Ligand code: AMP
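Below you'll find only one chain, the form predicted on its own, shown as structure tokens.
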Amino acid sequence: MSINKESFERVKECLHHGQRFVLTTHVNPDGDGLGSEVGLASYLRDLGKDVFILNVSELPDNYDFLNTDGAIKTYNGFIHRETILTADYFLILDISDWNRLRDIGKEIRKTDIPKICIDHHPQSGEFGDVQLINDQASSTGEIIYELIKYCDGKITPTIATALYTSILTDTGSFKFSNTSARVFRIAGDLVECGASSEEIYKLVYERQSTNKVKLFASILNRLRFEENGRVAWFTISKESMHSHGAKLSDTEGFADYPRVISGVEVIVMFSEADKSRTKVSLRSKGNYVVNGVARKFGGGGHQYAAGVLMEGSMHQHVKSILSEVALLLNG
């Protein structure tokens, strides 16, 4: 689904008429959500707007370079209540699911303030008052790039760095199937506008903590296989994270690694969000569409990268998820 001109025009009008904007993205934000926020926020500030970035999760350490001015704040209902209530527009980026916005989503929904959703994930229904959705885009950062261009905006080095980060991370460093010729052209333009491809890669991927690496090593030791080696899966408990001094955000990218194993078609990662909720991440090399499995359990996502947050302990969900994956492979 590509974006029509009317959608761009509606968002352009909102950005023009509004003065105070609150930007947010999903829980456990990734490079695309954060890069999209910083890129759009920087563009709006260049227009003289008042912009606030509020996220329910803390900023992961490897993305701290995006927060040079300290603008990315962790949402606090008491501290930020006035900021929420005095906004002209809410900009919800890289997510079309109220549940994954947690507490800030609940507060935003209570207001009559217009909500603009900019996202590249397939939608199951209407989300927000104004939508800029393209599920064929590589990333939300790509859509922000197109929006700024549509508005005849200038891509500054700050914007270029943020949007390059979005595209780099959501294309798996330009190796996933969502890497089109257009993506390379956009990335090239962002480099010409001031993004340093080498520096951004180092900042995102070559500053992993010792605790994260030790956690990953322990996971590789427990990697399991099903369906004659076509499915690789593993679990990450809170206890394991704690024993290695790691956080849930440190597991970003873990689900993608088993793609390098010959014969593996689908990867499933089960991680404890807390004692009563389980995060399930599904990845595919491209021969099997996995977002249908996620949707069966209330989740969603892209064809080859999807997930769901499930109520209940982690181990009670392993069998049911793996059974659905087996049906997918053998159906």
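Note that residue numbering begins at 1 and tracks the sequence as displayed. All figures in this text were calculated on a predicted structure; none of them were measured in a lab.
What comes next is about the form predicted in complex with adenosine monophosphate, which is not displayed.
Between 123-131, 138-146, 92-100, 186-194, the stretch whose residues reach within 4.5 angstroms of adenosine monophosphate in the model of the complex through a non-hydrogen atom is 92-100. Within 4.5 Å of adenosine monophosphate in the model of the complex, a heavy atom is found for all three of G301, A306 and L309. Though adenosine monophosphate is absent from this view, in the model of the complex it lies within 4.5 Å of a heavy atom of just one residue from N55, N62, S42, S281, which is S281.
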